[in-house]
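In structure tokens, one chain follows: the form predicted alone.
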């Protein structure tokens, strides 16, 4: 849930998404869901010569399982807040740990 919460804070920011098939798309992040599916508007393909069929596409929905990387604007990342959230999430007991009874 940490990444989902983090990506929700990046809505309306410019991001570049690289897919597992080597297609890289830059656009404005419009939405993200718990599966890290991403919706981009005003997209531009990085290597338009290799993917000419993508030049007419203006927005897209990307399934989270095909994403390799997401490049973020550096000013949008608060590393201290992200590290603190990661520590808090790691400190929470997992459902398996919460159900363990000690005799």
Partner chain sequence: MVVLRDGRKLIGTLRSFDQFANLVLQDTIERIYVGNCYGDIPRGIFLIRGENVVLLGEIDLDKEERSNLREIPVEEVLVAQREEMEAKQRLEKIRSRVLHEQGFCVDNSQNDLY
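Quick caveat, the model's predicted, so the values are computed rather than measured. Positions refer to the first chain, counted from 1.
Below, we turn to the form predicted together with its partner chain, even though it does not appear here.
Interface membership of residue 66, its partner chain in the predicted bound form, 4.5 Å heavy atom rule: Within the cut-off, so yes.
4.5 angstroms heavy atom contact with its partner chain in the predicted bound form for residue 60: Yes.
In the predicted bound form, residue 10 touching its partner chain (heavy atom, 4.5 Å): Judged by the heavy-atom cut-off of 4.5 Å, residue 10 is well away from its partner chain in the predicted bound form.
Non-hydrogen atom contact residue 52 with its partner chain in the predicted bound form at 4.5 angstroms: Yes, residue 52 is a contact residue.
In the predicted bound form, residues of 21-41 near its partner chain [heavy atom within 4.5 Å]: Heavy-atom contacts to its partner chain in the predicted bound form: 21, 23, 25, 35.
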